[in-house]
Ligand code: 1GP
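Shown below, as structure tokens, is a lone chain in the form predicted on its own; questions about how it binds or moves come after it.
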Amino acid sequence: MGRVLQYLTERLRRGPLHMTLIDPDKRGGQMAAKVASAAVALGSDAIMLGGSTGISQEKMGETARAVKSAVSVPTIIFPEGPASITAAADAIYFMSLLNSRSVDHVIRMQAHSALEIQRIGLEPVSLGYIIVAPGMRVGEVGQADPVPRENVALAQSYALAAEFLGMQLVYLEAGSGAPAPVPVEMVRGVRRVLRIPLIVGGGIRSGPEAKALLAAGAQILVTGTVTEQEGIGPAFEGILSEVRHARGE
């Protein structure tokens, strides 16, 4: 087990986690480092770097180095494609977009990146990525057939397929900027059948939303848009407060 996955596994034994997603195209370099530092001070457990399409390797590397110099928690690449790879980060989600219509997003881009990831010594963390309606921009770019919000059984099936294929994490994604998070009923249903950790992201903008998702069984919450729109403000603090409360802090 790699160092980052071991870190996440050990912390999950204490309760749910939070990760802050920073887009290097919108907040790169020292601005990203400032956001990361403030987020970690409030209890965020890791920093994810990604979000936009077409992020250059140079910008990803610059941002990863700046963030790593500012915080001690893991810096994890949330890749858009092979250009997202940099040795400056601690790990990369080696993720398959399971409900994409394109084999490129399911396996081909991963195959094209695998040797480079091994060569530079970047830790791969395998992840089954599932787009839930509305899916937003990531659903369009990933050519996904989003899981309908009422179809809990389909979400369960994709999540179990990820587990049975040996993936280490499952991520339910409503899409950056989604008007609402993944439905609580879907999170509860997926958690009921899954034995590997469940990440939930997209559309989480408040403490009450975070509380409901955590109560339903989300083990890792990811927020990005809320910090882009409001910075490290009351909404973000409310989300982190609910995560800390759920793990007894």
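Note that the coordinates shown come from a computational prediction; the quantities given were computed from them, not determined experimentally. From 1 onward, residues are counted along the sequence shown.
The protein also exists as the form predicted in complex with the named molecule; that form is not presented, and the subsequent description refers to it.
Contact between residue 21 and the named molecule in the model of the complex is found at the 4.5 Å heavy atom cutoff. Looking at residue 78, you'd find a heavy atom of it within 4.5 angstroms of the named molecule in the model of the complex. The named molecule is not drawn, but in the model of the complex it has no heavy atom within 4.5 Å of residue 169.
A residue is said to contact a partner when one of its heavy atoms sits within 4.5 Å of a partner heavy atom; residue 223 meets this definition for the named molecule in the model of the complex. Of the candidates 144, 178, 109, 73, 178 is the one whose heavy atoms come within 4.5 Å of the named molecule in the model of the complex; the others do not. This chain is displayed without the named molecule, yet in the model of the complex the stretch 196 to 204 from 196 to 204, 209 to 217, 31 to 39, 54 to 62 comes within 4.5 Å of it by heavy atoms.
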